[in-house]
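For reference, the chain that follows is the form predicted alone, supplied as structure tokens.
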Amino acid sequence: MKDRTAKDQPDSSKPSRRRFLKSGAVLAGVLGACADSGNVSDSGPRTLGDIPSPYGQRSTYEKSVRYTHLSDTPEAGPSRTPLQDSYGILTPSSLHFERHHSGVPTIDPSQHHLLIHGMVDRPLVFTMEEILRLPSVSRIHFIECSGNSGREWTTPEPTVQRTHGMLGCSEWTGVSLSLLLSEVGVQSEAKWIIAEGADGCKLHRSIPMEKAMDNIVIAYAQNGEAIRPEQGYPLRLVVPGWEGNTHVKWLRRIKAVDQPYMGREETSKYTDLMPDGKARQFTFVMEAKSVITFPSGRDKLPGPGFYEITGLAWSGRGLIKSVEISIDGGQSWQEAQFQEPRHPVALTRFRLPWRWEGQEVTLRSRCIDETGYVQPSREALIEARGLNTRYHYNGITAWRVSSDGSVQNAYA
């Protein structure tokens, strides 16, 4: 698949008179539909409200929840983030997707330890108290399960929560893994680490030492508070830009070794069987991807008029450089606007003012990251990789808006 260089894309963050005038016209169209303030009565509260609570709760009028589909082994099942209800780029900790392999363990942090050993000069055991005393870092990164959108290969799902919901973006706070590795003195022969969790199956993944010494965080906090049990309390790896299964939760052990362990999660699982019968292994980096979250599957537009198409884009390779939107099924493309802030290896919010005239249309988005990689079409992705895998899908999603305003997955 041919890439288009990022430098050829215009920078939508720069202000322009045309964009200002265009946004002003859209705003006028939207405000023109608003009710006259003189016709609105003051119906505000007349009594004192509730007292402060020990832990904040959302309004009873907000009903957004994770989608869960329980199988015969519910402890190994996923839940999906309600992307259609999201604002900005951060995912609330309570709505961040889950993916477990043997359920969520209950761990007392005062009894939890992190062992770093193997091909090192000084094997060490760190308590949580000791880790919390070390210099901390905070970074905003997405985590995406490599099985996210996996049904799009063959049997596409009806909603954006079910197609793309194994995705979340948070501020992660913890200690740089490279700091702890420097303390134990990694030997020159060590080329990989094995990270192991404290869940029932002792899930473990092999990670190259080069990545371990780069930007991995041993996180103990998410969005300003301790990581929740479902997200790996009290410790998890955050491996920026790499498939979610490498972000080992309930982290208990790191072993420096000279080669990968070829465990279950990197042989029979999380590999891609290609059309020629060979398996693509260690597909760590999550490639550039975008999706329109409004309007999306099972939405219902109330009628013709002004709307704002909005969605999310992300890339494990770095910063999203541009996003384009098509309202005619891919025949032509318009550059979307970015909603700041933007961070490398994080969700990026995009939007495009749109006047719907009531006709049937098909909406698509595609993104280009800072390396010049262009998100492929579904057809091009299937041609390149075949239909023998269920992982690492990053093709373009299409939403069909019918004349009655109903929205559905155009490939379903």
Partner chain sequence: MLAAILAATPLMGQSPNYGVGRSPTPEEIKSWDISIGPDGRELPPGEGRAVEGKEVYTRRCADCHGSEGQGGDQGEALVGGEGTLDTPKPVKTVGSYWPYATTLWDYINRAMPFDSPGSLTHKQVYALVAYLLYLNGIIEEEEVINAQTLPQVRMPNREGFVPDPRPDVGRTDQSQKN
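For clarity, every value in this text was computed on a predicted model and none was experimentally measured. Numbering follows the first chain given and starts at 1.
Keep in mind the form predicted in complex with the partner chain is missing from the figure; the text below concerns it.
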None of 115, 301, 190, 213 but one has a heavy atom within 4.5 Å of the partner chain in the predicted complex; the exception is 115
If we test each of 96, 255, 141, 162 for a heavy atom within 4.5 Å of the partner chain in the predicted complex, the one that passes is 255
- Query: Can any non-hydrogen atom of residue 135 be found within 4.5 angstroms of the partner chain in the predicted complex?
  - Reply: yes
Quiz item: Just to confirm, residue 157 within 4.5 Å of the partner chain in the predicted complex by heavy atoms?
Solution: no
* Is residue 372 close enough to touch the partner chain in the predicted complex, meaning at least one heavy atom pair within 4.5 Å? -> yes
| query | Hey, in the predicted complex, does residue 88 get a heavy atom within 4.5 angstroms of the partner chain? | reply | no
Partner contact check in the predicted complex: of 307-315, 338-346, 290-298, 115-123, the stretch with a heavy atom within 4.5 Å of the partner chain is 115-123
Of the residues spanning 54-79, the ones with some heavy atom within 4.5 Å of the partner chain in the predicted complex are 72, 73, 75, 76
